[in-house]
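This document starts with one chain, in the form predicted on its own, laid out as structure tokens.
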Amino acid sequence: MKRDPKDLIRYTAPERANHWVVGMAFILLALSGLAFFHPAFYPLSQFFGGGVWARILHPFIGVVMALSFVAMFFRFWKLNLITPADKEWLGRIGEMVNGDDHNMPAAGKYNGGQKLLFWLLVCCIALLAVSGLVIWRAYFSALFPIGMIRFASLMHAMVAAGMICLIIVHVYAAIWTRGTIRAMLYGTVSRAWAKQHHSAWFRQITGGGK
């Protein structure tokens, strides 16, 4: 894609790579996890060479996602601290969903919805990592009583289902807000996009919009 010299850098190449590693690992985990969740989804295990390989690979892919997300967390956590303006943004989220963003508070690099999603994903991945270790039969499950393993299995499935829903919302919002996917593919956004959707960030990086 040919870059307009006036475009703004939103994500560096390492940041984009970090995001896509997490994203691709999540897709693989969702496919293999659904194969275990219900017999109707079991054919998905064929993407991994069958049920045995899906079960072997699932936790290792989970480790890749967890470690990659930790790197992402340290890159972005300060930018996702929720401010009073973000709380006001969340209070007006109904207006945004209805397509009216004229009265929304000025957003920094991330708006209130994106920040809320970030922290929900932090909680989900932490719970998935802990519960996943408890039920990882090859290495760790023998260290825990059967009651804890059963509870961890239930928690793992419930949190995974919730995270799938969150990611669906994330992808939908990225498609709905035209120009967002371009930022994660190429790292840049137009000045018009930044000014409309993240005006506080636009003023910050352009010295007041000049």
Partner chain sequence: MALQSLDIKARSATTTPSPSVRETLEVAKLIDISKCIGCKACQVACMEWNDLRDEIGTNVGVYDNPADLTAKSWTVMRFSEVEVEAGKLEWLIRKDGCMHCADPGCLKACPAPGAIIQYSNGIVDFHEEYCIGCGYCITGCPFNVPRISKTDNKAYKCTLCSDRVGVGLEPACVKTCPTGAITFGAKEDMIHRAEGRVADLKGRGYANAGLYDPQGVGGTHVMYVLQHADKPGLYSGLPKDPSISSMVCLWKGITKPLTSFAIGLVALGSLFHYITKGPNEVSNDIEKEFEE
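On a predicted model such as this, the values are computed, not experimentally measured, just so you know. Positions refer to the first chain, counted from 1.
One more form of this protein should be noted, the form predicted in complex with its partner chain, which is absent from this view; the next part is about it.
In the predicted complex, its partner chain sits within 4.5 Å of a heavy atom belonging to D101. Its partner chain in the predicted complex comes within 4.5 Å of no heavy atom belonging to G49. By the criterion of a heavy atom within 4.5 Å, Y11 is excluded from the residues contacting its partner chain in the predicted complex. When contacts are judged by a 4.5 Å heavy atom cut-off, R16 does not count as touching its partner chain in the predicted complex. Note on contacts: among A161, L143, V70, I27, the single residue with a heavy atom within 4.5 Å of its partner chain in the predicted complex is A161.
The listed set L57, M184, A157, V64 contains one residue whose heavy atoms approach its partner chain in the predicted complex to within 4.5 Å, identified as A157.
Contact residues in stretch 167 to 183 (any heavy atom within 4.5 Å of its partner chain, taken in the predicted complex) are I168, V169, Y172, I175, W176, T177, R178.
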